[in-house]
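Heads up, the chain below is alone and in the form predicted on its own; it's given as structure tokens.
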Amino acid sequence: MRKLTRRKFLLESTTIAGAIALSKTEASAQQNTPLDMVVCKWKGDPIPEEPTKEIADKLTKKAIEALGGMERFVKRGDIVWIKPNIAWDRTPEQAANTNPDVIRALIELCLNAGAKKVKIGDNTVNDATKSYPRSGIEEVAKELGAEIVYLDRSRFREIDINGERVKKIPIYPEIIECDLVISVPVAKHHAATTVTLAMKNYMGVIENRRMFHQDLPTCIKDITAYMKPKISILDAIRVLTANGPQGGDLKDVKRMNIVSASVDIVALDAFGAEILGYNPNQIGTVKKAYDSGLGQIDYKNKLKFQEIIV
């Protein structure tokens, strides 16, 4: 049996105690590390005609809380641009635009976190004077004191983004001058890209979109890399399963009651592809962004991920 002197005993005891304390500290630090991605699902089976306000509010706020709170992304005095999809002259029930109740919750969260101003706008496909109000988003923004911005096409300015395919593109300057831009798309089918989600939603900050249609996956990857998203939110309260991006027929709309948020926009789009019934590895926009190192597809294993039932 090894004999310990008092001095050796004290030294070894101190070393062991220090190692235990360090281990506890590391474990605590890991527990306190904010999540990378959260998927919030509403309890119970979705009812198609059920009102969305309470459900969207709780899901959105819980997702952001689990991600570390909006204060993780918004600093006091920041100007925030919330970028929903408001491109189409469609009602919330038709699921072509982002759900206004998700936007309502995000405006409240940004303002409560200390944002000086919240702006909302999109480079629409249909007439913005029709799509903004019909989407329900304009009313919500005005009610909460957010600024609705009708994008003036004469104000777009060509910006060097130095992408793989897109070297320069006209971008609305007021958007990129904000302290934070949050992409908040609705999850839906798209005829050209199979799905349209958080990355493709950035096509609403640019002009000359025809350029992108030469190679949509690469061009969408290029604008995503330029935008450097810090947080993105996916609205899947209702999803458009076919005839996107415009839709129109309620038979193509599925009620899912899900809101997801992530610091990894590729992971968010991978999840969005899955809930629409597709393998994200077979979606050009997702695979191209993943191959370019913009994020993860295997979010459940590669990210700090949590699914929450609300």
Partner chain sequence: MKKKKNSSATQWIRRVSQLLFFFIFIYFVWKLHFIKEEDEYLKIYNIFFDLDPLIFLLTSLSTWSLESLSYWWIITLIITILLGRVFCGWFCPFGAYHTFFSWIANSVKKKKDYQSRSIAHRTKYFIFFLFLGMSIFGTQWFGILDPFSFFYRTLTTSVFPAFQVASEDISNLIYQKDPNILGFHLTYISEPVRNFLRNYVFKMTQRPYYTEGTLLFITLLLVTGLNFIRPRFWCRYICPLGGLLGLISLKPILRLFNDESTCTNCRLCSKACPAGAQPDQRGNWLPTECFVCWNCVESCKSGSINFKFNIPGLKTIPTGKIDYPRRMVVTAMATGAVGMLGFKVQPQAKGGQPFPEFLIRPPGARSEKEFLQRCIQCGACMRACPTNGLQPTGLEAGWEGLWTPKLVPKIGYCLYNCNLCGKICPTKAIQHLPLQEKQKTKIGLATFDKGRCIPYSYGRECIVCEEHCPLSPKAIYLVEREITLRNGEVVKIKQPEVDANLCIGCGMCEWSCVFQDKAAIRVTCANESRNSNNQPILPSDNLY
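None of the values given here were measured: they were computed from a predicted structure. Residue numbers count along the first chain shown, from 1.
Below, we refer to the form predicted together with the partner chain, which is not included among the displayed structures.
- Mapping the unseen interface onto this chain, Pro280 falls outside it, with no heavy atom inside 4.5 Å of the partner chain in the model of the complex.
- In the model of the complex, Tyr172 approaches the partner chain with a heavy atom inside 4.5 Å.
- The partner chain in the model of the complex comes within 4.5 Å of a heavy atom belonging to Arg90.
- At the 4.5 Å threshold, heavy atoms of Thr241 stay clear of the partner chain in the model of the complex, well away from it.
- The three residues Ser154, Arg157 and Met211 all sit with a heavy atom within 4.5 Å of the partner chain in the model of the complex.
- Note that among 127-135, 75-83, 218-226, 100-108, the stretch whose heavy atoms approach the partner chain to within 4.5 Å in the model of the complex is 127-135.
- Residue Asp252 is the only one of Asp252, Glu274, Asp57, Asp36 with a heavy atom lying within 4.5 Å of the partner chain in the model of the complex.
- Contacts between stretch 228-248 and the partner chain, counted in the model of the complex as any heavy atom lying within 4.5 Å, involve Asn243, Gly244, Pro245, Gln246, Gly247, Gly248, listed in sequence order.
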